Ligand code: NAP
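The chain that follows stands alone, in the form predicted alone, written as structure tokens.
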Amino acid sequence: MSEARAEWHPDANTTLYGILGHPVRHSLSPAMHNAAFRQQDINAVYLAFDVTDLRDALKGVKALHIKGLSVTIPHKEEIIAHLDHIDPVASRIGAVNTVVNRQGILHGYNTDWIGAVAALEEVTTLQGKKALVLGAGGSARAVCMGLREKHCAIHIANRTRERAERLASECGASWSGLDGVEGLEADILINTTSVGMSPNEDAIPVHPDVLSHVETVMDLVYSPAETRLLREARTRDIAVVSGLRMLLHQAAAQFELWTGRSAPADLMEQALQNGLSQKA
């Protein structure tokens, strides 16, 4: 496994990258990307920016020549209106999690769907399967796009039925409220909501009985690394996918968009685990 370079000091030529979100201090993205920059001998630094005024923040991005951004909750959908160019896939998803600044022109992309597919395919095949997706926000849109690309049937369940119906109509899925999933058979269950996120670690988005016919469970929540949903799945001998795996794969895709280089994924995974240990 390659190791990050120990000696590095920022200077006038250091390139700046970062993540925009609110809240964002919990983010593990700086650990991954800074480790990758060091290992690749790239004179760059990646910082976390807690942002509530997105429009003004993006003015600052251009003014300070920040070369690339990760975008997280709650800005993934809102940011589209403030960018100069949107990748067609991100446009179809309706959410952006990656920005590349090319000479003052801000280009928006979505690597969440790449991360979701890569994480799931580590433990299961997707073609011909049926997935139950909990939630209908920006992350759910990305997940559904990836599942559709892999010819996986989709059922969307969301607390707000109108949002579930809207997303279902866009990706050719069936839909229901969260109270309509008991008795629904699916091969894969994916939680894209924030239910179970620290500090509400005992929360679970659906009743555990929903897992009775499921083969694989993925939870996009990665703090804690193992949510109650994943613990319940493990007790039933169901294959589980932590949100950390999606976080890693989408970050690797971001790194490649920003730098044009292959991401040192093993090193980024090590940095991710180190970052988790420090936050524990």
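What you see is a predicted model, and the numbers here were worked out from it, not measured in a lab. Numbers for residues come from their place in the sequence shown, where the first is 1.
FYI, the form predicted together with this ligand isn't displayed, but the following is about it.
Remark: of stretches 229 to 237, 39 to 47, 213 to 221, 61 to 69, the one touching this ligand in the predicted complex is 213 to 221 (heavy atom within 4.5 Å). Contact check at 4.5 Å (heavy atoms) against this ligand in the predicted complex: none of 90, 94 and 172 pass.
Within 4.5 Å of some heavy atom of this ligand in the predicted complex lies at least one heavy atom of residue 163. Although the partner is absent here, residue 27 sits far enough away that none of its heavy atoms falls within 4.5 Å of this ligand in the predicted complex. The shortest heavy atom separation between residue 110 and this ligand in the predicted complex exceeds 4.5 Å. Mapping the unseen interface onto this chain, residue 194 counts among the residues with a heavy atom inside 4.5 Å of this ligand in the predicted complex. For the options 99, 136, 79, 132, the residue carrying a heavy atom within 4.5 angstroms of this ligand in the predicted complex is 136. Residues 243, 246, 247, 250 of 239 to 264 are found to place at least one heavy atom within 4.5 Å of this ligand in the predicted complex.
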